[in-house]
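Starting off, we have a lone chain in the form predicted alone, written out as structure tokens.
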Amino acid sequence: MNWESTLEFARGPFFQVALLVFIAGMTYRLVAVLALGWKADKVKSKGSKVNGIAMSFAKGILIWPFIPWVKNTFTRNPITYLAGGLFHLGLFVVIFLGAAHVLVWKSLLGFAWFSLPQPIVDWLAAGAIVAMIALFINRLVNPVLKLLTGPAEWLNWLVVFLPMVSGYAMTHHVIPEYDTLFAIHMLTVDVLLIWIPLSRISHFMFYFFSKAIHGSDFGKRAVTP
């Protein structure tokens, strides 16, 4: 196999098609959700919806992930809680704050932002990979998760795991053939972009909507979300 030609294809036409599928698919899903509308509020508010939304985001993003004992989730299944948090943190840092990916964002958007030092990105990327392996094993041994896991869940795991591992291997020159690893990484990224709108991985976009809706409802009733 000519890996140079494969890399050129994966970085060029395949990436462009994958990106278009991703944008079109996520736009369609977003429009479909927004088309559901928001129920008319017929009850007088006892509190502030804005404060409820702010508290919901603060606890969901800034507070609870770093204080495990606040949630009963940690007590019931600490592996899911800790490994899941580490995976999402590492994935976010790699995609948005890794120097190589910041350059990709700049080529797509026309502007860039700061990147974290490479050692920090490397450690978090490694932590995310280990966390994914832990989550994989946990699904195999946890009786409840075994019942909830089907082919779609395993495929979701695989299409996320492969870009993470290939990207880490490429960064650290695991094999001398850099073009080979780069081509494999780009191919897996392209597949991931196409798969996201078709799968539950797209939940990352709707997470923020659900946080806002639930926070608004709690704030209206003047209770803590």
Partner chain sequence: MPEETIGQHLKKQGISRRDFVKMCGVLVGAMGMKFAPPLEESGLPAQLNNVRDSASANLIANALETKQRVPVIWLEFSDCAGCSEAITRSQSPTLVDLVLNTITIEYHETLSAAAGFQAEKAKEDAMKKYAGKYILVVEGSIPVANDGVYCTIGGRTALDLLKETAKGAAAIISTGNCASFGGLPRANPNPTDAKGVWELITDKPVVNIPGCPAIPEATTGTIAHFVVFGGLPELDNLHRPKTFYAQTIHDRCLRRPFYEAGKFAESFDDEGAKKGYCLYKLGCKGPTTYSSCATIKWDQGLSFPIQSGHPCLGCTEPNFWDGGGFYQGQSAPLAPPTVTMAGAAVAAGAVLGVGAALANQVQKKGAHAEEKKEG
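Predicted, not measured: the structure shown is a model, and the values here were computed from it. Positions refer to the first chain, counted from 1.
In what follows, reference is made to the form predicted together with its partner chain, a form of this protein that is not presented.
Chemist: Answer with yes or no whether A100 is in contact with its partner chain in the predicted bound form, where contact means some heavy atom within 4.5 Å.
Modeler: Yes, A100 is a contact residue.
Chemist: Please determine whether P143 contacts its partner chain in the predicted bound form, using a 4.5 Å cut-off between heavy atoms.
Modeler: Contact with its partner chain, no.
Chemist: Considering non-hydrogen atoms and a 4.5 Å limit, does its partner chain approach H173 in the predicted bound form?
Modeler: Yes, contact at 4.5 Å.
Chemist: Check whether Q118 has any heavy atom within 4.5 Å of a heavy atom of its partner chain in the predicted bound form, and answer yes or no.
Modeler: Q118: yes, in contact with its partner chain in the predicted bound form.
Chemist: So which of 123 to 131, 144 to 152, 81 to 89, 102 to 110 is the stretch with heavy atoms within 4.5 Å of its partner chain in the predicted bound form?
Modeler: This holds for exactly one stretch, 102 to 110.
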